[in-house]
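One chain is shown next in structure tokens, namely the form predicted on its own.
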């Protein structure tokens, strides 16, 4: 009998499920989209039940449409969008829409955290309090929705909610727990000090498990709902960035990952918790047991390009649009874009900054603007790489995944702007591949994720930086890097005025 693992990639716009065999070959895939709700500026919410329905429908299609037998599915694991807050009552029912990672309404709560705890907060969590994290969301609900807070008995993150419905057991893995900033990264435990400081009952914090640990098996009710067997094992899984790193083979310190999805991430494997970036980068537990990773985030990476296409090139083929932008001159005929269209996280941690086009000229055409957006996103990644340089962290290879890895033009652009070798993957599946690998190791198919990567991860074409192009982009980046400081006050004034009109 064939045996498969399923990797569930629970993203911001859709869920994708992938069935893989012992050799890491994708046997079948299904996906299902769901809506994002933004009722007010800075708000970003989803109904957790949409994730559950989408995941279940996608799994059901693997069985009914792709012919995978339910008894052949031996294990399931997850990659999930990070930081989102799912509040549950005493019966495990959802109390309100989930507040997502890109929800920026919690500036006041972040300031409260900083005022009460200062640098002690960074010492405990390895991170600054940022709007996207889970703790500020808990404090926002506590302050603004006291009737809901009074009924809240536990919280989960997005993938953990789906796993909870599948197994009937609440839990959170270490990689997502660190992203709540309620977690003591040195002690690998929930922080009593932080819970006590902000009057959050420790009982609300779910049990902790490793990403490769078995969280349970499919319940009778979910088996009836989905078509799965109750013998199928369900594993902890990890945050999307941790799983993306596993699926990209980022398993040693000389490599970093460049991931362009809705948001953008530069991520580096860290062997221990002893590196101190003073909160300039996020520091998280890895999905690989007893290791860590650091990362910086551009909030609107792929989202910036999707926004531009939806607004100004709606009917155009995406690939053709990028190909035509590749033919425009380096530097987009003097046009620079800053991708702060929903605020920014790294290196500025500014929820109120907004994006801009600098150097608009009547000689430019639409594809200069597209190229400027792509270059601006990539410059924002270089801002993150600068932090590693400042802390003496050396690496020689960038593994690219996501939207930026689907274009030869964008891969070479990254090599030239980063001045590093960039490598693509021949079987690039992003976080979903990492999730499947966690299930494969959890089942005992492999002794470790490193062993699993030898079968599941395959590196492809390499892109070397071109010295003359590197020099030109260095000059352009020096200008780009000044724009935030030059425009932030005006941007904040505009946001304040707009909000006063709402």
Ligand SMILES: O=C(CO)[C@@H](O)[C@H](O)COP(=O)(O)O
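Numbering follows the first chain given and starts at 1. Keep in mind the model is a prediction, meaning the values are calculated, not measured.
There is another form of this protein, the form predicted together with the named molecule, and it is not shown here; the text below is about that form.
**Student:** So the ligand isn't in this model. With the named molecule brought over in the predicted bound form through superposition of the site C-alphas, is the pocket blocked (at least 3 atoms within 2.4 Å of backbone or C-beta) or open?
**Tutor:** This form leaves the site open.
**Student:** Quick one: is residue 24 in contact with the named molecule in the predicted bound form, heavy atoms, 4.5 Å cut-off?
**Tutor:** Result no; residue 24 lies far from the named molecule in the predicted bound form.
**Student:** Closest heavy atom of residue 491 to the named molecule in the predicted bound form, within 4.5 Å or not?
**Tutor:** Contact check for residue 491: no, nothing within 4.5 Å of the named molecule in the predicted bound form.
**Student:** Would residue 211 show up as a contact with the named molecule in the predicted bound form if we use heavy atoms at 4.5 Å?
**Tutor:** Taking the distances in the predicted bound form, the answer for residue 211 is no, it never comes within 4.5 Å of the named molecule.
**Student:** Give a yes or no for residue 18: in the predicted bound form, does one of its heavy atoms lie within 4.5 Å of a heavy atom belonging to the named molecule?
**Tutor:** Residue 18: no, not in contact with the named molecule in the predicted bound form.
**Student:** To test your reading of this chain, name the stretch in 354 to 362, 239 to 247, 160 to 168, 189 to 197 whose heavy atoms come within 4.5 Å of the named molecule in the predicted bound form.
**Tutor:** Single hit among the candidates: 239 to 247.
**Student:** Using a 4.5 Å heavy atom cut-off, which residue among 371, 345, 137, 286 comes into contact with the named molecule in the predicted bound form?
**Tutor:** Contact check passes for 345.
**Student:** Would you mind picking the one in 75, 206, 97, 261 that has a heavy atom within 4.5 Å of the named molecule in the predicted bound form?
**Tutor:** Of 75, 206, 97, 261, the residue with a heavy atom within 4.5 Å of the named molecule in the predicted bound form is 261.
**Student:** Quick one: which residues from 1 to 31 get a non-hydrogen atom within 4.5 Å of the named molecule in the predicted bound form?
**Tutor:** Residues within 4.5 Å: 11, 12.
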